[in-house]
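Just the one chain here, the form predicted on its own, laid out as structure tokens.
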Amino acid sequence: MKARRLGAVAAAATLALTLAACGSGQPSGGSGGTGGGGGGGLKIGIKFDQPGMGLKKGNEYSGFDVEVAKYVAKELGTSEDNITWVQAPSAQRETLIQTGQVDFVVATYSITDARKEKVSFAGPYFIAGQDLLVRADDATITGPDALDGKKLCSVTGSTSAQKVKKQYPGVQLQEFGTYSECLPALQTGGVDALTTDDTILAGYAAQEQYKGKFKVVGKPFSKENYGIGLKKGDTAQCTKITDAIKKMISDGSWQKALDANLGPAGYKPGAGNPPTPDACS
């Protein structure tokens, strides 16, 4: 009798646990299935290796792009805990969108005519520009025209490095595997400057171990319109995302996110910021 009673109690406990597990396995509330994420969630592509813009550290995600993505998701009805972050390396962004592995991409993604043939863009939400990072006490490099005879660091195959090399042939180009490898060389004088988008440079300079050691020159010599990439032709979703960008700018959240993520490097956004997003088509 006692054994039978214990068995019944165990069975009831097992049933309760099973029901609880079934309930907790679902995304809470189904609150934002606007982007094809399934079950109310969204899959958003970001960079995992760009401090200040998109950085994964353990299970934490930070950066200006991450804040933009979270704000847009919230406006689409998806809470932060229903976002699945997907790494979106530069060369894979179009494929991730076209194959449905992400609902949209927020990853220092410059809007270009070639890319618009494959995906649609909402934005721009930010206007960046190629710039130079130098040591904080270096007053000799005031722009790319001051690089003659200087050692310039960039990443192997980088278009930004090749652009400078072509326009300023006196530059001594030193190529590394990643931008983060350039920083110790810059700090110790092995190279004189690092070049890529000013937002990325500011993010690196804002890292704790480099605070006060580097500065962005602040004379951008290209124009990069960052947009949010999504499935080509999805005008309805594009319009919703555009409205979210406009709201983020108008309610002060855009500036707050920028100050928090790039402000520690003394970064000031260039002309045209905050931008007016284009109409979706």
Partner chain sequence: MFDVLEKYDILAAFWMTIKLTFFSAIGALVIGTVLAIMRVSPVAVLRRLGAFYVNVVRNTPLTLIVFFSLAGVGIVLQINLVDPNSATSLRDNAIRWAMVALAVYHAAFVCEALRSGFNTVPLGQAEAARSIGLTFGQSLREVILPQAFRGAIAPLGSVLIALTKNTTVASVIGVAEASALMKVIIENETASVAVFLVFALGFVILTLPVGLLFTSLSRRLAVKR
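Note that the structure is a prediction, hence the values are computed from the model and not measured. Numbering follows the first chain given and starts at 1.
Unshown form predicted in complex with its partner chain; subsequent notes refer to it.
Residue contact check for residue 74: none of its heavy atoms lie within 4.5 Å of its partner chain in the predicted complex. In the predicted complex, none of the heavy atoms of residue 135 sits within 4.5 Å of a heavy atom of its partner chain.
In the predicted complex, its partner chain sits beyond 4.5 Å of every heavy atom of residue 164. For the chain shown alone, residue 211 is not a contact residue for its partner chain in the predicted complex, no non-hydrogen atom being within 4.5 angstroms. Screening 127 to 135, 140 to 148, 80 to 88, 177 to 185 for residues having heavy atoms within 4.5 Å of its partner chain in the predicted complex returns a single hit, 177 to 185.
Contacts between 98 to 115 and its partner chain, taken as any heavy atom within 4.5 Å in the predicted complex, involve 114, 115.
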